[in-house]
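First come two forms of one protein chain, each written alone as structure tokens, so that there is a structure 1 and a structure 2.
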Structure 1
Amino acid sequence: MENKIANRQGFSSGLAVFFATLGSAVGLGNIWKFPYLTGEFGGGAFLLIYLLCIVFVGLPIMLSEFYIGRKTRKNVVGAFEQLKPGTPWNSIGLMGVVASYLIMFFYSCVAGWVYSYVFKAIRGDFSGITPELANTQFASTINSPVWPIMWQVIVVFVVSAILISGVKNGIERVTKTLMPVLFILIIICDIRALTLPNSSKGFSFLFHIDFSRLTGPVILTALGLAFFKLSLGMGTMITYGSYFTKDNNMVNTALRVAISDTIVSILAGLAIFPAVFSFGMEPGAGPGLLFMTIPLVFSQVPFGNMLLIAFFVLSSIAATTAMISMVEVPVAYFSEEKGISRTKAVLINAVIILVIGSLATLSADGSSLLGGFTMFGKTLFDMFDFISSNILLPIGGLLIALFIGYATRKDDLKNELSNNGILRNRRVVDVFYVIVKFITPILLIIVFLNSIGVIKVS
């Protein structure tokens, strides 16, 4: 047993743990989803609720997942099986695998759009762009029945190649090199956006709080975003936690990742909203927001096209490192529980993602090939997104919080989170325990009941 654990791959240092985990958290969630949801749901008020969700729901669940992963050193299904053999808790793992697929189906599609924008920027498609042209460019990008699928294939190919290289040579190496580059690029983009005429309007939109905008569905969406952002509720952080070093201070890692990730989201908002207002666009434009504004931000400035390329390169980096962490969940599960090789597990998953993911791509917009096909008023693309972010991730998170609060011995928790007493963080762990046992589950249940109309909070 010891031997098997020793042979299992893992990250090699604290820095590698930090960048890999941050690489999972930072993704299209920051650059694409956070700005368009904040725009749609009214700016500052949404941001405030989102931040509360990060503190009282996101952080405790992230730490819970780290605990489960590092204690067992197993994939998401194996981990629960080891902690509570033969109990219904094990279904959390399987549910996580299902959720990871639903997310990958649409995530790989949006990542494909981002890749294609790098290519378009290099080709010079955005020179002399106007707000109208930016709209048509985006519509034609996502409505073509061929090109978005081709880009999706490229995304899945890149992700698979990194995953086949392994945890250390693939995930660790790529995230450690690329995450710092991403930070630098986004700051350069912000400087440009904040020097646009009228940019202060965008600034105040992001930070001005209007409580009248807060309704049940808005709060549920903020909660869903918190899960999506920090890669929680489906075992990504259990899987990555299982690769952490023995001496990692997991409380610190969780805090640093959550804070850095939130900074990246706000930086992305600061690159996008000033442009929205500067060019008289609509902040509630929906999923196309990123693609329609960013080309305008950099139009008509010296080196604008270079900056544009830089922005979409950084978005591609973020999307790729996040997607890696999603696919790692079923890959670790297949290769450790089903006895197939890592390479085979990656290839099988690539095929599944492409076959079903292409249907998401073909339904991304009302005028796409399959866009007319809807269930409950949602296209297939929206359905994958809605079921995973707003239903499966919060339910997975609730079950994980209950598992830690009610099915885990507090001493086990204390030992693991303090690295067997080496770290002096007894107090912090006590606070965490109270939050995860009482506050997190209650908040999750209230938001749920409210969103399905059983109780009315707002």
Structure 2
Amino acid sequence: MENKIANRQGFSSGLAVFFATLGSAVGLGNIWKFPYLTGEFGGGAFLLIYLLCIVFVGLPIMLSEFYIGRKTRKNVVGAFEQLKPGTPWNSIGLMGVVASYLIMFFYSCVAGWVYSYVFKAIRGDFSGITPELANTQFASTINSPVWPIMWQVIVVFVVSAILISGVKNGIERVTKTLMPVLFILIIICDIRALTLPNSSKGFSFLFHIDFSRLTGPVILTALGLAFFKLSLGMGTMITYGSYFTKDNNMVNTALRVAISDTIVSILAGLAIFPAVFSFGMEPGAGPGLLFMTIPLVFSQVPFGNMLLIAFFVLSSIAATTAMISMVEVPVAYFSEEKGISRTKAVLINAVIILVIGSLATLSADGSSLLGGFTMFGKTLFDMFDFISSNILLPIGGLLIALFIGYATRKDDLKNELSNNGILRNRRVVDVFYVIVKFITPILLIIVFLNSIGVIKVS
């Protein structure tokens, strides 16, 4: 056992740990979902609640997953088997693998759309675009029976090539390169957006807090987003935590990742809302904000096509790094629990993702080839999203919180998080323990019951 752990790949430094973990947390949720939800739910009020939810849900679950991963140096299934062998707690790991698959099936599809928009922007397809043409462009992107799958194949190929290279030469090298590039590109977009006429309206919209907007749905949406956007409940942070260095300060890493992830989301908002208000667009445009509104806005500013290319390149970077972490969950499980070589594990999972993921791609819209096929009133695309986001992830997060709060010895937790007493963070760990044991489970139960329609908050 000790030899296996000693020979196991891992990250080389604290900086590598930070960039890789941040790459997992930063995804299309930052560039796509966070801005449009902020637009729909009133800007600053939503942002305020989101930040509070990060403290009481996001950080506790992230730190819990870090602890489980580094403590065991195992994949998500092997970790729980080592900590509580032969108990029902092992189901948490299997749920994480299933959840990561379901998310990859539809996430690889959306990532393919982003890749295709990089190509469209480079080709100049958005020059002189109109609202009608923007809708037509997006419809053709998602409804074609061939091209969406081709772009999905390209996404999976890129991710697989990185993962085959290993933890250090693949995940670490790519995330250390792409994360700084993402920050540079998003700041360039921010600078241009904030220099547009009437951009101050967008800035005010994002940060002005109107307490009359703090309704039940706003709070629950912010709570769910804080949990899902940090890639929690599906085993990614457990898997990455198992690659951490022995001397890594996991508390600081969790704080830095959560803060940096939030900064990326805010920067994405600063790139979008000033431009949206400058040209009289609708900030609550919903999911189409990224694929329809952004091309319309950026095409109307000087050097707008260059800005548009930069925006979709940074979106593709976010999609790629998030996909890497999700695919690594079953890859680590296959290679460690099933004894399959890493290359074979990557290729097997690539095939699984493409075969089943293509069904999601062909059912992404009612006009798609399989759009008329529904289960419980949902297309396959929506079904994969619903089961993973509304059922498996909140249940997984809840079980992780309960595992740490009630099935883990507090002294073991303190020893691991303090690096056996080297770090002077006892009070921080005590606060974390109280939150994860008593507060986080209650909040996650509310999110889960609301997401499946058992309770409705008005």
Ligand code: TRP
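Nothing here was measured: the structure is a model prediction, and the numbers come from that model. The term rigid core refers to the most C-alpha atoms you can superpose between the two forms while keeping them within 1.5 Å. For numbering, take structure 1's sequence and count from 1.
Mark the structure, either 1 or 2, that is the form predicted in complex with this ligand.
Looking at both copies of the chain, structure 1 is the one that matches the description.
Could you check whether the CA atom of Q82 moves 2 Å or more between structure 1 and structure 2, using the rigid core for the fit?
No, because once the rigid core is superposed, the C-alpha of Q82 moves less than 2 Å between structure 1 and structure 2.
Please check if M95 moves between structure 1 and structure 2, taking a CA shift of 2 Å or more relative to the superposed core as movement.
No, shifts by less than 2 Å.
Hey, does G269 budge by 2 Å or more at the Cα between structure 1 and structure 2 once the core is superposed?
Yes; that C-alpha moves by at least 2 Å between structure 1 and structure 2.
Following rigid core superposition, Cα shift of F205 between structure 1 and structure 2 in Å
Taking the core as reference, the C-alpha of F205 is shifted 4.2 Å.
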